[in-house]
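A single chain comes next, written as structure tokens; it is the form predicted on its own.
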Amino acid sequence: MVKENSVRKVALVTGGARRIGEAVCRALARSGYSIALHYGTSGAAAEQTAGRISKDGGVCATFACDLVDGHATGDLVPAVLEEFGRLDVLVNNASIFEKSSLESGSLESWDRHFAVNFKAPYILMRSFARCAKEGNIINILDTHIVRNKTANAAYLLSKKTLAELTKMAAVEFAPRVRVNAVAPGLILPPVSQKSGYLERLAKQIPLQRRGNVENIAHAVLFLLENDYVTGQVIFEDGGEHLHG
């Protein structure tokens, strides 16, 4: 229990063990937030990230939850409140990414993508709005939500749907809760891709360079600090979305 630190604001970050999630957790911790770090299967990485945050003087507790399980997901916000005594920020970062097309994608893959990438954020957003007196929700999307490429159909459609939910929630949850999103572009390559993959793609976008996880963390902090912004998507993508 860490309720003695309840004077600190608390941020729940899903998928916070690695990659973008880790960068967001560490940036929020440096800004004075206590961190509720959610993880699915990356338990060892979650504990390592929590240890780094603690070593830097921050506060972090880890929470295991299978986001495919709607009932377990519904228990996550109450568990964070039980641990910290408050919750001020929700960052829906966790997602899965699998190849699938409209014609050949399996229904099981579609169910997994929508369970993790859309249904879980919705459950958490609703729970946050009910339990938190006020605060901020930030959803992590993808710059390709402006396109209609179908090589990753289930993933992309789940992110497009989450983008629309961001705007709808910004209306319904106001004025107590602001809801915004960040859409990363060429930040990290898929695990299966070799070195140099993003550098080759970056030559085709306006800024002609890849970004980094700190760019996403900075965008999250901007949205938290600017209290007159809601229902917006920040494209952290070097202008890639401008190509349509």
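Position 1 is the first residue in the sequence shown; the rest follow in order. Everything numeric here is computed off the predicted structure, so don't read it as measured data.
From this point on, the text means the form predicted together with a small molecule, which you will not see here.
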> Does the trio Arg18, Tyr155 and Gly185 actually contact the small molecule in the predicted bound form, every residue with a heavy atom within 4.5 Å?
Replying inline: yes
> Considering Ile145, Ile138, Val77, Val116, which brings a non-hydrogen atom within 4.5 Å of the small molecule in the predicted bound form?
Replying inline: Val116
>> Which residue, Asn93, Ser127, Ser100, Thr166, is the contact with the small molecule in the predicted bound form, using a 4.5 Å heavy atom cutoff?
In response: Asn93
> Where, among 168 to 176, 67 to 75, 80 to 88, 146 to 154, do residues come within 4.5 Å of the small molecule in the predicted bound form by heavy atom distance?
Replying inline: 67 to 75
>> Can you tell me if Gln193 lies within 4.5 angstroms of the small molecule in the predicted bound form, counting non-hydrogen atoms only?
In response: no
>> Would you classify Tyr33 as touching the small molecule in the predicted bound form, given a 4.5 Å non-hydrogen atom cut-off?
In response: no
> Is Ser54 close enough to touch the small molecule in the predicted bound form, meaning at least one heavy atom pair within 4.5 Å?
Replying inline: no
> Does the 4.5 Å heavy atom contact test between Thr41 and the small molecule in the predicted bound form come out positive?
Replying inline: yes
